[in-house]
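Here we start with a single chain on its own, the form predicted alone, put down as C-alpha cells.
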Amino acid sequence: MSEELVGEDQMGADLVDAEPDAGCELVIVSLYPRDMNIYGDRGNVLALARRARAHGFAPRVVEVNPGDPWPERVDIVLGGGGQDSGQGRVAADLQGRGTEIRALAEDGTPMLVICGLYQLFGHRFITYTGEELTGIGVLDVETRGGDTRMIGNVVAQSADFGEVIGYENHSGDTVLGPGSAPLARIVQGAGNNPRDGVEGARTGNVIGSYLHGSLLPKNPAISDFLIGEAARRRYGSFEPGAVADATAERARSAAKRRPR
C-alpha cells in the first residue's frame, strides 16, 4: 500500500486554491490502481485531490492493490475500470474486503467506481465467456458481458448533478435492481445497456458509472458531491472554496461536439 500527498500542480484545471487546513485531511482510497486504471481513470484521483485542495482540505491518497492492508481511515473511495483479466485478478481480493466496504457505504462514505469496479460493486458479473465473478453487492446491479460494444462520447442528464459528460467503451450489459437508482438519463450514448436509456447507478453516497474520460475533470459537480459528503461525515460541515470551472466547461463543450 502506498501513500502520496497530491500536490497542487498535478492537475491543469484552473482552480483557485485555498490554503489547506492541516487539521482537515481527507483520505482518498484509490482502489486497485495497478489493475483497474484504463482510459485515464487515474485522472479521477488527481482531479479529486486537486479540487479538495481548492476547497481547503489536505488530500492524502492511499493506493490499495491486491494484498495491501486496508487503511484505518477512509473518507472517499475511488476505483476505475480494466480488462476482464484485471477484474478477475481483483475480484477475490475485493471479496475479502466486502464486509468492510459495505459497512463504509452504509455509514455514508462517498464512493465512485467506474466500469469494471462498477460491475464488481454489484451482485455479479458474468463475462462474455461465461465466467461468473461474484461482486460485493454495494450496488443493486447485475452485469453480463455481451456482444454489443458501446463506445463513444456520452451526454446524460442527472437530477442531482446536471448534465453528465463522459466516454464509454464497454460490452457489459448492466441491469439495475430496485435498490439502486440510475445516475443519469441518457441523452446521447448507450449507458448501462442498449435498452434502458440510463447511465450508471447510485445507492446512498455510492456512485457507479461506465464513463471514463476521465469523468471527474469534466464533471466538477460530482467531485463536489464526493468532497462535500466526506467533509460533512468527517467534520460535520462543508464550506465550499472559490473554484473557477472554465477549463472543465471547455472540456465538456469539446466532448459534446465530438461524434460518437
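All of these numbers come straight from a predicted model, not from anything done at the bench. We number the residues from 1 along the sequence you see.
As for the form predicted in complex with glutamine, it is not shown, yet the points below apply to it.
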| query | finding |
| --- | --- |
| Interface stretch in the model of the complex with glutamine - options 103-111, 183-191, 162-170, 90-98, non-hydrogen atom within 4.5 Å | 162-170 |
| Glutamine contact at residue 83 in the model of the complex, heavy atom, 4.5 Å | yes |
| Contact test in the model of the complex: residue 120 vs glutamine, heavy atoms, 4.5 Å | no |
| Partner contact for residue 221 in the model of the complex: glutamine, 4.5 angstroms, heavy atom | no |
| Partner proximity in the model of the complex: residue 32 to glutamine, non-hydrogen atom cutoff 4.5 Å | no |
| Proximity to glutamine in the model of the complex, single hit among 77, 138, 156, 115 (heavy atom within 4.5 Å) | 115 |
| The single option of 55, 202, 60, 212 touching glutamine in the model of the complex, heavy atom within 4.5 Å | 212 |
| Stretch 23-60 - residues with a heavy atom within 4.5 Å of glutamine in the model of the complex | 38, 39 |
